[in-house]
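Okay, so here's just one chain, in structure tokens, the form predicted on its own.
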């Protein structure tokens, strides 16, 4: 039987006196794509931050068949999971687009030639070639969103985890991100309440509501909330 890429069992997360997630279970197979949907405040971002090891939790998390528990485990997991923040300004910090794209592969210890090749590859994918020398703070919001996704792809992660990737985008950039997600060859979890994106992707949907969830085995539009 094929092992899951990511498996979360009985995940419970508390923030202060509030229980955000309770006994949450999710399994993602290698190469599978799914949407984690729900209204604001039900724990979608909390789920992502917990999987990445930023929030204490109860329950079990495993990745590629191995339990993920301590700080060392989560450091290794974050090398394999590319996380795109909801707000690109929380993610981008290097002086230029080129340096932003190069940061992750450089920290993976890759050679200068391999780093350059990855930067060129992802910049072409998102039409960023003419922006490589531009300071990141001079980019439009849509350009920052594209760069935030592109810089994660230079890691060549096993799993992409994107938090509200279409928020605040104009139509052209919305379509560019949506089409990228639809054609990407790999495992993806998209966190969103964008009903149009859910309909466009037609992936399996896990719908989060207050302290429970409904998981479908095929595409479905979550209820309005």
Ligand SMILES: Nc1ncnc2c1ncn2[C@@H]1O[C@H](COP(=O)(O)OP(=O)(O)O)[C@@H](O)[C@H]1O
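All values derive from a computational prediction rather than experimental measurement. Residue numbers count along the first chain shown, from 1.
Another form exists, predicted in complex with this ligand; not displayed. Remarks below refer to it.
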| Is this ligand in the predicted bound form near all of 15, 40 and 43, within 4.5 Å of a heavy atom of each? | yes
| task | Could you tell me which of 32-40, 61-69, 154-162, 173-181 sits within 4.5 Å of this ligand in the predicted bound form, going by non-hydrogen atoms? | result | 32-40
| field | Contact test in the predicted bound form: residue 11 vs this ligand, heavy atoms, 4.5 Å | value | no
| query | Do residue 205 and this ligand share at least one heavy atom pair within 4.5 Å in the predicted bound form? | reply | no
| task | Answer for residue 20 alone: is it within 4.5 Å of this ligand in the predicted bound form, judged on heavy atom distances? | result | yes
